[in-house]
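Have a look below at one chain only, the form predicted alone, in structure tokens format.
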Amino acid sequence: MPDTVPAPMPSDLLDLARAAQGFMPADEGDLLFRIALERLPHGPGLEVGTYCGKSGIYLGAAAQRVSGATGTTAVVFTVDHHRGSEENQAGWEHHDASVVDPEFGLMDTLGRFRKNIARARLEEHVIAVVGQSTTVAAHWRTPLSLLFIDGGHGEEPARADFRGWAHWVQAGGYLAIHDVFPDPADGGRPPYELIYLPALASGSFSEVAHTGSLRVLRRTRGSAGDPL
């Protein structure tokens, strides 16, 4: 990563990002913004799991700045079914009844996401893809300059997100993984055991930065689409 520190996010966007419902501490959001600034000039980014758009604002703010600097339209795709991950369901610690659709009795964060991105005026840069991660990944064919995985934290979703998406990171691109806890006392295991460790073991990625539970790996071997 570059040694120079980029200018911070505009204060209005930073305030919106911090106020948005979600689970990303401010220091991790700052790192996400900085790596997106570095990589988005080289191609689109994609996040798996966006919930109500907190991380999407950090990523979109970077895309907006890159667009102004390059004269192109930098974009980040967000892939989410917007029905909430396992840990967001009723009876779990991170459940929020305010985002449950009363007609269907299911979580629906899409409306909250769209409002947050619209308030930030980032709709040109943050493109919502609504669907199951595995389904979208099966049809995806575009190399990614940045992949941010923050989807379901159960074993099967974490394993599927790594298998479905990590190989689309282009050479030199970043794979960012949220909620990586090497110490079991700090949090759940799947992002660490089924995304972070396999990425390193593949020999295709090496770690370049981390803050809190956010780990950033660079693809050092192979090209987008190559098996890991």
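Since the structure is predicted, the reported quantities are computational estimates derived from the model, not experimental observations. Residue indices: 1-based, along the sequence shown.
There is also a form predicted together with a small molecule; it is not shown, and the following applies to it.
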Note to self: Taking 4.5 angstroms as the heavy atom distance cut-off, pick the stretch from 114 to 122, 69 to 77, 132 to 140, 96 to 104 that is near the small molecule in the predicted complex.
What the structure shows: 132 to 140
Checklist line | The single option of Pro190, Gly49, Gly173, Gly164 touching the small molecule in the predicted complex, heavy atom within 4.5 Å | finding: Gly49
Margin query: Please tell me whether any heavy atom belonging to Lys54 falls inside 4.5 Å of a heavy atom of the small molecule, as the geometry stands in the predicted complex.
Written below: yes
Check: Is Ser85 a contact residue for the small molecule in the predicted complex, using a 4.5 Å heavy atom cut-off?
Finding: yes
Check: Taking the shortest heavy atom distance, is Met24 within 4.5 Å of the small molecule in the predicted complex?
Finding: yes
